[in-house]
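Let's start with one chain on its own, the form predicted alone, as structure tokens.
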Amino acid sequence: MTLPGTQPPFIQVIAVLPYIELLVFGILILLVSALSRGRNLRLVQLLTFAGLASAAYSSLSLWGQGRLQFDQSHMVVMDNTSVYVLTLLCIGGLLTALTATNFVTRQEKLRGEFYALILFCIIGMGVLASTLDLIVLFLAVELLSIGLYVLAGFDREKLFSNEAALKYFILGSFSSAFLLLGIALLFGASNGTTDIAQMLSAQPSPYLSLESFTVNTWPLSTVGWSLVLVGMAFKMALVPFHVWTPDVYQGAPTPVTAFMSVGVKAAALTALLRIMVATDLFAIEKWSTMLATLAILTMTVGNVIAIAQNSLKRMLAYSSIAHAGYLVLGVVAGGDPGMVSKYMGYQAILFYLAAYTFMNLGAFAFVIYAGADGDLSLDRCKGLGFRHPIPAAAMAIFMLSLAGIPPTMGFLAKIYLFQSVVAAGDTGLAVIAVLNSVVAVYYYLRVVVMMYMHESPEEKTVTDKSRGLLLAVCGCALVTLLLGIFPAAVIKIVQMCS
């Protein structure tokens, strides 16, 4: 019997079916790897690709079906936005698996664990992007974080990898504590609910009405939301909660760094979007100002420090911080009471996430391709355009796209995002973002200059020539370029998400 206001059991199962499939394939990978003692790498990879493809297919089959949810609460909500983000995450997982072939080959005893952890992390990221319940949000954060802690230290023989895992674990534990304390305060302030959609819209407490929701009325809910945002800011690497990012990104295996830089941001930003829509929290001036300040600091610090980096991996880490700042601009724009700017901000973030997935994963894939030890210095980029013309051309496309230069997808993503900020009336914020983009052009184009305008050193660069890696590099470059020239399909999709 179905209770009034609830959906039939089969609908509830369909809402979480993609996550069930990822879980089943992850467990199956562990079993196969254990029984074969890590020797059957091809079968493990095949199961990984099958699991990701199956989850993406199940997710896409729910497109346009309205809002499906697990149970009568908002624990897991499967709507167009959830489908869009989960599909991006599956694509990111697939590209990560392709780029990690040679790295996993060296990890003879832990091959299955690597691929299984990728699937388990995607479950956490997908649920984080699909929930409107604070308890489930916390569980999703912990699920993805634990998997990433292990993956960051996966190259156990390297000191830097162990150090990266330890730093990420310690600082991540602190951020989780802040998040959990904030949830506890909000639970008390809202008369015992963790459903985000009910906290302000239903107004279960007189202190939580939107008109009276200020710092001066009752500090408990204000402190609670502040702590929740601190936890989310850590995951997105917003300044000043970014200090873990450069060291962890550089020390972790490069395929893990690529996966971490894209997946966590996509999930956390979508979670912020859901909070924005469900509560109108960022329509309040003080919260909007705070978020805008974080965005400015994040863009500026990330871009300025990236200029001084000689390691491409570390440069991309600071670049990732800067792009997190750009993405937060969409949340600021979406918090504006005007419906036009709200929808534009929402759509701009989703479009930007698609562009960032391909151009950033592609850039890290090139670092793996041309870096003998998983990293690549600027000096070793000299002459790569002549020694490896196709991968170097792809890297040039990624750098142009990250800098926001036409006709790449990154250019359109920034234009879309800045237009949403202007539509919200924050012209000054848009100007600061444009100036930061101009600063970023220097260190992105410096890579292109090294590849094509400097003579090749005498020693040849050792490259990772696995077919999957080359396919990932060229595929990401092709998508980045084609969707920059023909973006209509993606724009139509993100418009359907809002």
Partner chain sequence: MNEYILSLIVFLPLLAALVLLFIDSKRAELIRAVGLVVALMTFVLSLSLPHHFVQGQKGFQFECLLLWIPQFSINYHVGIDGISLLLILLTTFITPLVLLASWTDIKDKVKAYIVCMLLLETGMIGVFVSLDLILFYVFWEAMLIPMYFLIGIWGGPRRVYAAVKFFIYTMVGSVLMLVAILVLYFAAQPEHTFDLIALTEIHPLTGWLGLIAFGAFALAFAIKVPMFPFHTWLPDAHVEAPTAGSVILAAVLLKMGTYGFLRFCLPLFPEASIACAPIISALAIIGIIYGALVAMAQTDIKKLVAYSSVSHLGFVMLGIFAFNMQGMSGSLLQMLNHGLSTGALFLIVGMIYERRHTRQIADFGGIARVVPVLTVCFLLATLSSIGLPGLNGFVGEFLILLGTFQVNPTYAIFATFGIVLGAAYMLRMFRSVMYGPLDKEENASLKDLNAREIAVLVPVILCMFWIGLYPKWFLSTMDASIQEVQGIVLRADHEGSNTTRQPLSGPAAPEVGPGGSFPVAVPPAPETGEPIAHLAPDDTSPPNATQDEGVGHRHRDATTNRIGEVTP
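Treat the numbers as computed from the prediction; the structure is a model and nothing was measured. Residue numbers count along the first chain shown, from 1.
Omitted from view is the form predicted together with its partner chain, to which the following refers.
Check, residue by residue, if 163, 220 and 241 all come within 4.5 Å of its partner chain in the model of the complex, counting heavy atoms only. The answer is no; none of 163, 220 and 241 reaches its partner chain.
is_contact(residue 412, its partner chain) in the model of the complex, heavy atom dist at most 4.5 Å: Close contact exists here: in the model of the complex, residue 412 approaches its partner chain to within 4.5 Å, heavy atoms only.
Any of the heavy atoms of residue 430 lying within 4.5 Å of its partner chain in the model of the complex? Output for residue 430 is yes: heavy atoms within 4.5 Å of its partner chain.
Do residue 452 and its partner chain come within 4.5 Å of each other in the model of the complex, heavy atoms counted? Yes, residue 452 is a contact residue.
Touches its partner chain in the model of the complex: residue 418 (any heavy atom, 4.5 Å): Yes, contact at 4.5 Å.
Of the listed stretches (419 to 427, 312 to 320, 94 to 102, 124 to 132), which one has a non-hydrogen atom within 4.5 Å of its partner chain in the model of the complex? Contact criterion met by 419 to 427 only.
One residue of 381, 291, 179, 344 in contact with its partner chain, assessed in the model of the complex (non-hydrogen atom, 4.5 angstroms): Partner contact (heavy atom, 4.5 Å) among the options: 344.
Since exactly one of 30, 445, 62, 471 fits, which has a heavy atom within 4.5 Å of its partner chain in the model of the complex? The option sitting close enough to the partner is 445.
Would you give me the residues of 125 to 155 that have any heavy atom within 4.5 Å of its partner chain in the model of the complex, in order from first to last? Stretch hits: zero.
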